[in-house]
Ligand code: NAP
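We begin with a single chain expressed as structure tokens, specifically the form predicted alone.
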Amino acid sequence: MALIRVLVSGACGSMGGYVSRAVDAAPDMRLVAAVDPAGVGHSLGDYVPDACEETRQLTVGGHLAAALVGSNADVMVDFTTPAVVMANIEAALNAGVAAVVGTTGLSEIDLKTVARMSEAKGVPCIIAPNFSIGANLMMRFAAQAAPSFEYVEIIERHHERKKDAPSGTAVKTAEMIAAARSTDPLSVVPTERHNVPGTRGGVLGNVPIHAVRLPGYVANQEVIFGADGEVLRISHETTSRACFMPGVMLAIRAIRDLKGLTYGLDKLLQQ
């Protein structure tokens, strides 16, 4: 079987480095291109020194469209920023390259746009707010618990460099909780007086979401359900970005058998 040819967009970032190492170590994949404006002209080995010689010798490019065509990539993996991710997805789909996207901050309109582009081009795309297997199970368990509790709140904690808030994981969790309920419960405990505006968090689908940004965190989330006399906490803690790699590898291997847009790694876990 031919190796899966992978291009990593955002290769010089923290997640990009982990993806590059994982692809480099996978026996059924080959890293054929690395793109990141922060590292243009450098060898990828400056950022991923523990990869094989061929991977270390790759020159980091800054022009994604050219790299997609020149590398003859099968799959683009994108961990960049909300400011550029839509343009990157469009470039990949236009080049006929399947896209695996972990960049968060996409709106509902963005997702609908990607779905239309993916269908029109006949090129699949996977967008996952979280590639951790444990985090996706946490979301699934929260959706299972949702019909049994009237009140729920989400607390998500990430490192201080995260570009968006709330996290894509928190947004998807709130959406899954709302979809799992047959009725429209209150969910938001009323507060008579807000001494500091925003103290009760933002609300999505009647689910309050609180975002914490502090050094020391990677990506943690807690879903708290409350009822008379009891509290149920469903939590997931990330101690290393390595936990995202099994999900990324799963998506790279599965995407060629998919059509259109797949939103959420949970769709692959159900198969």
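One-based numbering along the sequence shown. Bear in mind the structure is a predicted one, so any value in this text is a computation, not a measurement.
Just so you know, the form predicted together with this ligand exists too; it's not on screen, but the next bit is about it.
When this ligand is considered in the model of the complex, Ser118 lies well away from it, no heavy atom lying within 4.5 Å.
Remark: Leu31 does not count among the residues lining this ligand in the model of the complex, judged by a heavy atom distance of 4.5 Å or less. Taking non-hydrogen atoms only, Ala128 approaches this ligand to within 4.5 angstroms in the model of the complex. Proximity of Arg241 to this ligand in the model of the complex falls within the 4.5 Å heavy atom cutoff.
The partner is absent here, but in the model of the complex a heavy atom of Met15, alone among Met15, Ala22, Leu250, Leu258, sits within 4.5 Å of this ligand. Picking from 142 to 150, 95 to 103, 110 to 118, 171 to 179 the stretch near this ligand in the model of the complex, with a 4.5 Å limit on heavy atoms, gives 95 to 103. Residues Val35, Asp36, Pro37, Ala38 are the ones in 20 to 50 with at least one heavy atom within 4.5 Å of this ligand in the model of the complex, listed in sequence order.
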